[in-house]
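One chain is shown next in structure tokens, namely the form predicted on its own.
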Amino acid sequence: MATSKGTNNYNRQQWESAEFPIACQTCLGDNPYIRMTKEKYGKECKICLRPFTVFRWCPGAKMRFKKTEICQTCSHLKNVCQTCLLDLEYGLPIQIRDMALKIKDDIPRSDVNKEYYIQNMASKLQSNAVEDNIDDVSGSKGEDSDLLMKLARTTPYYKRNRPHICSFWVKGKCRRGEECPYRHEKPTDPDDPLSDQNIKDRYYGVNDPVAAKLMKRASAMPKLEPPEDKSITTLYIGNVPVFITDDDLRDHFYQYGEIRSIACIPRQQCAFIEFIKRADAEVAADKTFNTLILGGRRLNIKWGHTQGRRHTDDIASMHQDGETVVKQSKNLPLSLPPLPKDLQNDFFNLQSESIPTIPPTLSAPPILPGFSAPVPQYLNHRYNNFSDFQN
């Protein structure tokens, strides 16, 4: 009995105890006052098979309950969430992250080697001396890959916490009604590969259907084509946060080339960056399109126009053979035909013989001496005689 008790105590030293889970913002939900249940040594880790502390909570109203699936040691080794097993920094599957950053996975697969490896890493985690070793296992991230920046999520995706579809409702046999905790919706695609996911494949980055779906989305993303006008060296930056200043944009875009001017418009949440050389503007547009994230927002990069040509897009004046030709606007009707040459200086056709002459105005007859002019009737009530009227 003494030997059995000692062996039991030794094995329990390798069990994991924690006070709070390692979870991403999506799994935690939007409720800041979340309540959790904690079960010490509730289940075994689905990767290393060691007992660990299980946390369970509801991320929000009409959401399904979430719980931790792997231990914190396995979560530290891959820098993933204990619940969804997605990368904590980018919110992407491990398969995409390791492929983009060229990370080599050296975690053993056999049970004996994996148990020995996890025990060593757990002891180093407790002594806070595991940073260098985790870099050796996970790889150093260094500069962010363009693929990761294009696919990374900048905001939580709470739709992932919705309940599963009720299989009884699909068959027409669910009798719970509104009390059913599952969704009463028809599945969009019964043969969807996302419905068949393996947690070990997700952790080791092998045959992950979510990663395959994201890779197809990345290959179908549009590209920003440069304009044909070689004089355009201005980039339009949209969805700019209000607290981003000109200096912040200059610090980021100066690496692509020399900047002529930067104009920030906080009310419209946009900015215009004009480069001196066209080649520098093309490099900046190619490097930052769908990849630039500043202040927690993904910025929209488009080609703009220079200040000198911005007001000439609607009305462009061009001199041809000494005459000024005005470009017609798209929102206005077609212009009238020009006047004949004989009427260009006679807009009202006054010189034409067809218009009758206007007779001269008639003047009032002269007043003979000795006669007085009659006083109007409307003045009789105000003046007594004509002398008063004259005075």
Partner chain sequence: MPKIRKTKKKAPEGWELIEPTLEELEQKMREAETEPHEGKRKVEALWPIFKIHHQKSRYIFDLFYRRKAISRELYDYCLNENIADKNLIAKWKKQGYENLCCLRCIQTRDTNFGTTCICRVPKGKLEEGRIVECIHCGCRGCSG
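Quick caveat: nothing in here was measured; it's all calculated off a predicted structure. Positions refer to the first chain, counted from 1.
Form predicted in complex with the partner chain: not shown, discussed below.
Inset, instruction - Please check if Arg109 has a heavy atom lying within 4.5 Å of any heavy atom of the partner chain in the model of the complex. - result: Output for Arg109 is no: heavy atoms all beyond 4.5 Å of the partner chain.
Inset, instruction - Evaluate Lys213 for contact with the partner chain in the model of the complex, applying a 4.5 angstroms cut-off between non-hydrogen atoms, and reply yes or no. - result: Judged by the heavy-atom cut-off of 4.5 Å, Lys213 is well away from the partner chain in the model of the complex.
Inset, instruction - Give a yes/no on whether Arg175 approaches the partner chain to within 4.5 Å in the model of the complex, heavy atoms considered. - result: Yes.
Inset, instruction - Using the partner position in the model of the complex, report whether Asn31 sits within 4.5 Å of the partner chain, counting heavy atoms only. - result: No, Asn31 sits far enough from the partner chain in the model of the complex that none of its heavy atoms falls within 4.5 Å.
Inset, instruction - Counting non-hydrogen atoms within 4.5 angstroms of the partner chain in the model of the complex, say which of Glu179, Glu225, Asp189, Asp196 makes the cut. - result: Flagged contact: Glu179.
Legend entry - in the model of the complex: members of 94-110 within 4.5 Å of the partner chain, any heavy atom: None of them.
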